[in-house]
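Form predicted on its own, single chain, as structure tokens, below.
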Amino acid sequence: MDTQGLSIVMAAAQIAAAIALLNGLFTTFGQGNIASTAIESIARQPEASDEIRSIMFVGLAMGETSGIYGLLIAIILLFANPLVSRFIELAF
């Protein structure tokens, strides 16, 4: 049994999952930037607040989707990693 190769594949998957979860950190900063810019725009032009608010919600939804995709990739890499099963097929 090639445990060293399997441990390298598992370690690489965990590092990749950590990098994918960094997406959530950047998503948070992006959403904060969207909200602050929208509040600033509403303060400058209160008559356009409805339009600015609707555009803000679309931007927040797109940003949150990016964070959810990063979480999904991390979960797949940690719990349903296709590389591990492929490595076991090739090694044995």
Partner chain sequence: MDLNISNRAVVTIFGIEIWITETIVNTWFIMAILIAFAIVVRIHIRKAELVPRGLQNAVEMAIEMFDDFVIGTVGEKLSYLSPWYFTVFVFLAVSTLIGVFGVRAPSADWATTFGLSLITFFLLTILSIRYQGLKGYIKPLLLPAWPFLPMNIIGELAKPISLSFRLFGNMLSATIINTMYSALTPWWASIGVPVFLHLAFDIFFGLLQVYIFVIISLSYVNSAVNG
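Numbering follows the first chain given and starts at 1. Between two forms, the rigid core is the largest collection of C-alphas that superpose within 1.5 Å. The model shown is predicted, which means the values in this text are computed figures rather than measured ones.
The form predicted together with the partner chain is left out here; the points below concern that form.
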Next item on the list: Answer with one of L83, A12, I68, A18: the residue that has a non-hydrogen atom within 4.5 Å of the partner chain in the predicted complex.
Entry: I68
Next item on the list: Examine S36 and determine whether its closest non-hydrogen atom to the partner chain in the predicted complex is within 4.5 angstroms.
Entry: no
Note to self: With a cut-off of 4.5 Å between heavy atoms, is F57 one of the residues that contacts the partner chain in the predicted complex?
What the structure shows: yes
Notebook entry, point to check: Does at least one non-hydrogen atom of A61 fall within 4.5 angstroms of the partner chain in the predicted complex?
Noted result: yes
Margin query: Can you work out whether L72 and the partner chain are in contact in the predicted complex, taking contact to mean some heavy atom pair no more than 4.5 Å apart?
Written below: yes
Next item on the list: Spell out whether the Cα of T28 moves at least 2 Å between the shown form and the other one when the two forms are superposed on their rigid core.
Entry: no
Next item on the list: Return yes or no for T65: a CA shift of at least 2 Å between the shown form and the other one, with the rigid core superposed?
Entry: no
